[in-house]
Ligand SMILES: CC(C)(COP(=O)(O)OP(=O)(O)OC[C@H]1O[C@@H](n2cnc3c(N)ncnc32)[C@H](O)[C@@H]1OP(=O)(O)O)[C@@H](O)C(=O)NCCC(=O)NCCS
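This document opens with one chain alone, in structure tokens, the form predicted alone.
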Amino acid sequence: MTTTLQQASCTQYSRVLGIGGVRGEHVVPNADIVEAINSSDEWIQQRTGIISRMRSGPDVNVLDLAEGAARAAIAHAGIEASQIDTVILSTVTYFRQTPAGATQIADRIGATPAAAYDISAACAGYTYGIAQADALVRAGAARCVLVIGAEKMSDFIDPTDRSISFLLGDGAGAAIVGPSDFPGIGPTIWGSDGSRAETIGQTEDWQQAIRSGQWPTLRQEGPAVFKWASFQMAPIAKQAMAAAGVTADQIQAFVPHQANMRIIDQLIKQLKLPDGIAVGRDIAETGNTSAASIPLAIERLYREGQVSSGDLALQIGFGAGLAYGAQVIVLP
């Protein structure tokens, strides 16, 4: 006997309805960290473009940051938290393997009984979350999705490390994704290269850390990561534009992961983006916040009046894994 199952009605399109973000409450200028890495403010600015980074104190955890960003995105979208039926939290700095942090965020903001789960894709995590939210809404599996990228990177730094620790900041960025009568999120181009997984990551896994008594911190092979991001991510961004049916001269904002200002400039050059385009450069004052960096950079562009509702933004995340993801979105 054949049984026909009922299926959810599909929505043809989705779009981002609102963006929000919060940063660590403490400004940490280069002068505060150069002695430990035997460096200088000039060297850091020339190599990375960073002037300062924002970090949180010990009383603030990654879920606190995520909640703040979620509330800001909800306000920007003009919706009620009770309308959210799915919460996706991307983070690599939440200390619990289980339960998922997303379930607690749903409870904190009043979105229960929303479906809620965490994802781990590091600096590509926000674009991964947007890809999943887009698919869920268009498939009819969700109506209103909260996507959060939240990191307290300062919990995993070695103050003497010159490979990545001096780059890192704390913060969270969030977006609300819902149904649309026009295509507001282009196809996502994403992937990974696990053969290079050792180029960015923790110094030890948790079992090793327990045995050694050494707290794991983050390290990267800087030159290898710089070359990969600078020259292999531009083709991915180009594929995302082609999949969305747009050309570089139609893009009004470029928001890459805030890894390094030199990487951002190299990508702009390779993509041949138009002069005067708004570019996310939040790294200069916030630092590298991994999964939070793209929405935080968009939030700053809004706040500084560099973008407007309806602008086309090309966003691309890339980092540990090595994982990457890119899509073109219509800004809310």
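Keep in mind the model is a prediction, meaning the values are calculated, not measured. Start at 1 with the first residue shown and count on from there.
The form predicted in complex with the named molecule is left out here; the points below concern that form.
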- prompt: Looking at the partner-bound form in the predicted bound form, is Q202 within 4.5 Å of the named molecule by any heavy atom?
  reply: no
field: Any non-hydrogen atom of Y94 within 4.5 angstroms of the named molecule in the predicted bound form
entry: no
message: Residue-level question: is S154 within 4.5 Å of the named molecule in the predicted bound form, judged on heavy atoms?
response: no
query: For L267, is any heavy atom within 4.5 Å of the named molecule in the predicted bound form, or not?
result: no
- prompt: If we take heavy atoms and a 4.5 Å cut-off, which stretch out of 57-65, 38-46, 274-282, 299-307 is in contact with the named molecule in the predicted bound form?
  reply: 38-46
statement: Picking from G78, G140, P223, P99, the single residue whose non-hydrogen atoms come within 4.5 angstroms of the named molecule in the predicted bound form is P223
- prompt: For the stretch 247-276, which residues lie within 4.5 Å of the named molecule in the predicted bound form by non-hydrogen atom distance?
  reply: H257, A259, N260, I263
